[in-house]
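Given as structure tokens, the chain that follows is alone and in the form predicted alone.
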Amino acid sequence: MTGAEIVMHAEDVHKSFGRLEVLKGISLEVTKGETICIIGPSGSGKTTFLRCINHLEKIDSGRIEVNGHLIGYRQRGDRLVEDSERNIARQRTQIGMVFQRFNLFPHKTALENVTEGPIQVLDMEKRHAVDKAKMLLSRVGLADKVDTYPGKLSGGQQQRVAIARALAMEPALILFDEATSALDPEAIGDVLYIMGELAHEGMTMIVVTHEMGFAREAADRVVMMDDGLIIEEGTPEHFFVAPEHARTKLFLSKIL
């Protein structure tokens, strides 16, 4: 990664919920244009780590930076103090997130869901935001659904709206949290195709997934998490042909 622009830098990140330590010292760097797939068993801390990156969860120690800026905190002497909600909201504009359960506004059309952020957060002129949203909805195969409410869309269509919504903010980084796990097989293929296109176009992405085919085809690096730690990382060729860690071998043997 020498000379590459670092988009996300996580250093010794710890996170507990009560007495349960979920992240036990996560360190990871993601460079511009990389697609990183994070795999691992349920309960290994994958989703918690993603939520820490955009400060939906507050870390207990360590640091996370996106584009060189601390997320959720500011430096005061030799310690970190929590940043203001205003600054945190501004930082989040650089981090798109596609959730497992879509999280669309049910009372807004597909078009309105995609224009909401650019208009309200980026102060984009409405006409420009609408043109951009229509282009993005067309890109994800939903040009004919601009005026449709989420309740009238299938799960796969809702997830494609969510991807368009994330892209509308022109983020430096998009996080995908098991974006296909709630979908039927046909919809999974549609969503993975769009994600694959984004990866090949150079969008910087961190993808938590159980879709090993996608990880094999689209990832630049695959990261294996287990019990709150990164235990192995490498190229898809390394990962799926010659994994080194016994836990990785066991996990892959059960799901491939």
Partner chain sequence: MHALVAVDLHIIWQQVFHPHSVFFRTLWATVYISIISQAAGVLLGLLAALARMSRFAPLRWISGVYVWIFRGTPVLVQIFYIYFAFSWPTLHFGFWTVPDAAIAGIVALSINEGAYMREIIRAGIDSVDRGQMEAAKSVGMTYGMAMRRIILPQAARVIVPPLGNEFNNMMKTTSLVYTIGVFEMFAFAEQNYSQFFIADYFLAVAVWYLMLTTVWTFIQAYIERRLAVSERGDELSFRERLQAAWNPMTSWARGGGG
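Here the structure is a predicted model, which means the values were calculated and not measured. Residue numbers count along the first chain shown, from 1.
The protein also exists as the form predicted together with the partner chain; that form is not presented, and the subsequent description refers to it.
- In the predicted complex, the partner chain lies within 4.5 Å of some heavy atom of Ile95.
- Looking at Leu56, you'd find a heavy atom of it within 4.5 angstroms of the partner chain in the predicted complex.
- Not displayed here, the partner chain is approached by Leu104 to within 4.5 Å at the level of heavy atoms in the predicted complex.
- In the predicted complex, the partner chain sits within 4.5 Å of a heavy atom belonging to Gln120.
- Interface residue among Arg216, Arg51, Arg63, Arg221, judged by heavy atoms within 4.5 Å of the partner chain in the predicted complex: Arg51.
- Annotated contacts: Glu233, His238 and Lys249 are all free of the partner chain in the predicted complex [non-hydrogen atom within 4.5 angstroms].
- Partner contact region in the predicted complex: 110 to 118, out of 110 to 118, 70 to 78, 134 to 142, 180 to 188, criterion any non-hydrogen atom within 4.5 Å of the partner chain.
- Contact residues in stretch 145 to 168 (any heavy atom within 4.5 Å of the partner chain, taken in the predicted complex) are Asp147, Thr148, Tyr149, Lys152, Arg165.
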